[in-house]
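Taken one at a time, structure 1 and structure 2 that follow are two forms of one protein chain, written as C-alpha cells.
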Structure 1
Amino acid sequence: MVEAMEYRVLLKKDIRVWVEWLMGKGELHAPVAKSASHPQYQFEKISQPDTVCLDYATTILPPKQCVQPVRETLIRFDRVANQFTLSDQVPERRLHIIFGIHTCDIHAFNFLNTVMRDGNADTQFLARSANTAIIGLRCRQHCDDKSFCESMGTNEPPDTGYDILMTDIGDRYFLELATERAAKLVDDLSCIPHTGDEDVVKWRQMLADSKKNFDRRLSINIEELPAYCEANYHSPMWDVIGKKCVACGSCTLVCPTCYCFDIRDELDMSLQGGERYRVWDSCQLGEFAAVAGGVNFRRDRRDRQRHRVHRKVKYPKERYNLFACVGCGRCSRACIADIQMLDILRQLGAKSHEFQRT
C-alpha cells in the first residue's frame, strides 16, 4: 500500500459534483454502461456526469486505450506537394484523467510503463502516461468466475501508479491521496473534506471484510509458472487448445497488457496522399509471425496459443520480474471458443506435477 499523503472522504450523493469538477480539470475517461439488458461497460470520454458508473464488474476493453489509441497516425504524406508531415510527437497538453479504474488495471498500466521504457522507448505512450492522472477504485469481490486477480496479487493496489484510490465504505468513498498531483484533483471542493477517525475505522474494516470475498482460484504457486511453461513446452495440451482456437485475436485485443501493433500505409482516393499509421495487432492472427519468403514462425494455432501464455506468465517474469497477466479475465470472457486462461494455468501446474512424479 502506498503511504498516502492524506485521506479524504466523499459522500456518494456528491459524486456528480466531483465528476463535473474533474471534467473542468482535463479530459475525463470513466466507465459507462453500454447495455441495459446485459451488463457491459466501457471506458469513454465523459461529457455528461450522470453517465459515469462506478458499480461495474469490469469493462469490455481495458482503459489502456486512453493512452494507447487503437489507431494512431505517425506520418501524413502528400505526393503533389512532395512533402510529408510527422504527427504531433508531443501529445495533448491537457491533463487526461482516468476515473474509477480497478486495481488490476493499475497493475497493467505499471507493466506497460515498464515495457515502454525498455530498449527503444515508446515516447508517445510515455508522454501520454505521464500526462494522465489515475483515480483508482478498490474492488470488494471478484468480478465473476473468470477473474482470478487475487491469485495474481492484483486485487490489492500496487505501491505506485495511481494518484487517488477510492474505497466504498457504505454511504461514501474513502479517498487515499498518493501523489502531489492528487491534491489538485480534490482541493477547493467542500464536498471532499479530510477524514475523521470514524471514517478511518470504517475503511480499515471494509478492507478486512473485502479480503474474505476473494477466494484463491489457483492452487499452484504462481512463482513457478515460468518453470511450468518450460516443462510443458511440448505438452499435448497445446494441441487440444490449438484445435479449439479460431484465431480471431479477441483474447489479445481485450488484454490490458498486450502492446503489439502493426504499421500500415493508406492512400486517399486520389492516390496523391495518405498516411502511415500504427494499429493494435494480435499474435493470435495467422499472418502475425509471417516474414518475407513465405516463412511463418508460428503458423499453427497451438504455437500461437502457447506463445500467448508464455508472453503472460513466462517471458515478462524472466525479463522484468513481472507477470503480464493481471487475472482480470477479459480474454476468457471474449473467447468465443471458451478457452479459459484460468484452466490453462491450472493445467500447467497439474501437468508439471505429473511430470515430476514420473
Structure 2
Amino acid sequence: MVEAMEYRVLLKKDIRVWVEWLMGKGELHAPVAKSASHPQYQFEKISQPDTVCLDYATTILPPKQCVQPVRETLIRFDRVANQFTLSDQVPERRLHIIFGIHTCDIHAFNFLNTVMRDGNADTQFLARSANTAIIGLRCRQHCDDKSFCESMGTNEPPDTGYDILMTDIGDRYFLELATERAAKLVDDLSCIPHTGDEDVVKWRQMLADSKKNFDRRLSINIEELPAYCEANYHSPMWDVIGKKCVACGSCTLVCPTCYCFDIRDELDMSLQGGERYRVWDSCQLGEFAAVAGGVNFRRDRRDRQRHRVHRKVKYPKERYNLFACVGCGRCSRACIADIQMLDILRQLGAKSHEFQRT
C-alpha cells in the first residue's frame, strides 16, 4: 500500500457541509439513487448536496462521461469558405470533481488514461482528465453477485489515479490525502480535522475486515486469460452466447473502460457550415465493423461478443500489461439476455483446463 501524504477524518453527519463546500470548488459529480423499487444509481452533476448517496452499489453508467461526454464537437466546418476549425484542443473548463467513486472505477480511469496517451494521444480527453479531481471510496464488500473486483485485484485502490480516498469507519469517514490537489479539496475546513490515533487504529482494523468480506469469485489464474482466450477461439461457448445476445450494445456502453466512438456531421440550418462531432459507439452493434463497400468484419453476434471479451482480457493485457476488465459487473447487470461476464471468464478458464488435460 502506498503511504498517503496526510490523513484526515470527517464525521458522517458533516458530509453535507463538505459536499456543499466542494460544489463551490468545482463541478461535482456523485452517485445519486435512481429507482425506488430496487437499488440503481447514477453519477450525476450535483446541484442539491442531499442527493449524494455514498452507500451505493455500483452505478448504471460508469463515471467516464464526466471526462468524455456522450457527444463532443471535434471541428466546425464552413462549406462556402471551404475551411474548418478545430474545436478547443484543451477545453477550458471548471475543475470537475468525481466524488465517491469506487476503486474499480479508479482503475478503469487509469486504464483509459494509458490508452488515450498511446499513439495518437487524445489530447481533449487527457486535458479533461487532468482537470478532474478524484475522491474515491474504498469498498467494504462486493457490490452484488455480479461484481468480481476482488478477482481482478481492483477492490484495492491503484497506486495513483486519485486525490483522496475515503473509508467508512463507522460514524465517520477516514480520508487518505494522496496529492497536492487533495490538500486544496479539504483546505482547513474545521469539520475535516487531522486524525487521532484511535481513528488510525479503527481504519486499519476496517481495512483488514474488508479484505475478509471479499470472496474469491473467479478461481482461475487471471494472468493466463490471454492464453485461455486463444485456446477457446473456436469454442462452442461463443455460439451459445451469440444466440442469446440481442446486440443491444448495453454491455459496452456501461463498461468503464470502453472508449469507442462514432463520428458524424451535422449541418447548420443555413446549410453553409456545420460541425463534426463524436458520440459513444458500441462494438456490439451490427454496423460497427461495417466499412465502405458493404463489407462487415464482424457480422455475427458471436464474433462481436468474442471480440468484446478479447478487448477486455486479452489484447490490452498483451499490449499494456493491463486488463480492461475491472470486474465491476456493470455489463452483466445491464444485459437483458443474462449474459454474465463472470460466467464467460469462468468458462474460458474451465474449458482451457480441459484442453490442457486431454
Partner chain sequence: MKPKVAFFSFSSCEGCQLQALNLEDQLLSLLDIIEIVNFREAIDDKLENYDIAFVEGSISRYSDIPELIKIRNTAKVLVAFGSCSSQAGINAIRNRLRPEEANAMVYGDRAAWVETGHAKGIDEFVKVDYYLNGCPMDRREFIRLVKAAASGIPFIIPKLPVCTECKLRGNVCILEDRNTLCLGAVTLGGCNAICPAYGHPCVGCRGILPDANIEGMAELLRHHGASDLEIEHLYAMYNYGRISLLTARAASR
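All values reported here derive from a predicted model rather than from experimental measurement. Note that the rigid core is defined as the largest set of C-alphas that superpose within 1.5 Å between two forms. For residue numbers, the reference is structure 1: its sequence is counted from 1.
Where the criterion is the form predicted on its own, structure 1 meets it and its counterpart does not.
Annotation: Cα of Arg76 displaced by at least 2 Å between the two structures, core superposition.
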